[in-house]
Every structure is written in structure tokens, then in C-alpha cells.
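Next up: just one chain, as C-alpha cells, the form predicted alone.
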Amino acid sequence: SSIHCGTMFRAVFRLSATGARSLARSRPCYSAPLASRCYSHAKVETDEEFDARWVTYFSKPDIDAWELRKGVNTLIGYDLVPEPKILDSALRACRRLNDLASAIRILEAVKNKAGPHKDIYPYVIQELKPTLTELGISTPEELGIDKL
């Protein structure tokens, strides 16, 4: 059931204003954690491998502020909304760096990426609520900065 939910979660974000796009994952051939070249014979990364790669990237105990920002910018640049487990890992990296501003920017970026799909951001916040509470991170809405 959770696999189906995750698949549906990804599928919702592959819709464009002009209609449904191919549900095949489309990503640039570069990323912060792993650079690769685009060749037609290259192995296609599964959703699970993609998620695991980013969780591993943000879970590095020695990640620095530049790597955090680079990873978040690359991740947000993809044609998808990151899964809550990736965001959990990124928020924990923000906490390790004592970087509250980046944590809030991540949440704002997720809301922006969800675009017209108004049910996605509340779902992500619901999934991240235990982590947000544990880490002492308030949402933009709780801080009142979503109305600025």
C-alpha cells in the first residue's frame, strides 16, 4: 500500500499545465551526489535508488553548508517533488548545521513545487510533522511568513 502511495505521489507531480507527461522519471544527467553522463545504454535509476542516493547524500555526517545548498538546489531542479524521506534527511542535515533558514526554505520550495496540487504540501507536512517537532522546526505557516 505504501509503495502504491509513493508511486501515486510521484505521478501527481509529473503533470504539467498542458497535460500529462510521460511518467518515466526525467532528470538532468547531473546531480550533487553522483555525476554521470547521458548515454543511451546507461542503466535507468529506479525511484528507490534515487531516493536512497539522496537520503545518503543528506545523511553524510560531515556535510557542510555549501553541500547542503547545492544538494537542495539540484534536487528542487528536478521535475518532481522530493519524497518525505528525502526531505527528512535534508531537514536533519539543516539541524546538524544549525541552519534554520535553509530548513524553512526547503519547506517553501516544496510548497512551490507542488504548485496547483493543493493536497500535496499538506501531505508532505503531515509526513514530516514528527521530524519537524523532534528538530524544533516550525513551518512557514506556523511562523506566519507564508503570507508575506
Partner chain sequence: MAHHSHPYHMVDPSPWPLTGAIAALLMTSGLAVWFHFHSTSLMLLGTILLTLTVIQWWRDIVREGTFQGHHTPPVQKGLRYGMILFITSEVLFFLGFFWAFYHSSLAPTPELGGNWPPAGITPLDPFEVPLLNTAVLLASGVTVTWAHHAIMEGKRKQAIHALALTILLGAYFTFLQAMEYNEAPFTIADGVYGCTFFVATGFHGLHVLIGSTFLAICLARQISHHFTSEHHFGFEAAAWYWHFVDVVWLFLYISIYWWGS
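Being a predicted model, the structure only gives us computed values, none of them experimental. Residue numbers count along the first chain shown, from 1.
The discussion below concerns the form predicted together with its partner chain, not included here.
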property	result
Option from 114 to 122, 42 to 50, 85 to 93, 64 to 72 whose residues, in the predicted bound form, bring a heavy atom within 4.5 Å of its partner chain	64 to 72
Arg105 within 4.5 Å of its partner chain in the predicted bound form, heavy atoms	yes
Residues from 77 to 99 in contact with its partner chain (non-hydrogen atom within 4.5 Å) in the predicted bound form	Asp99
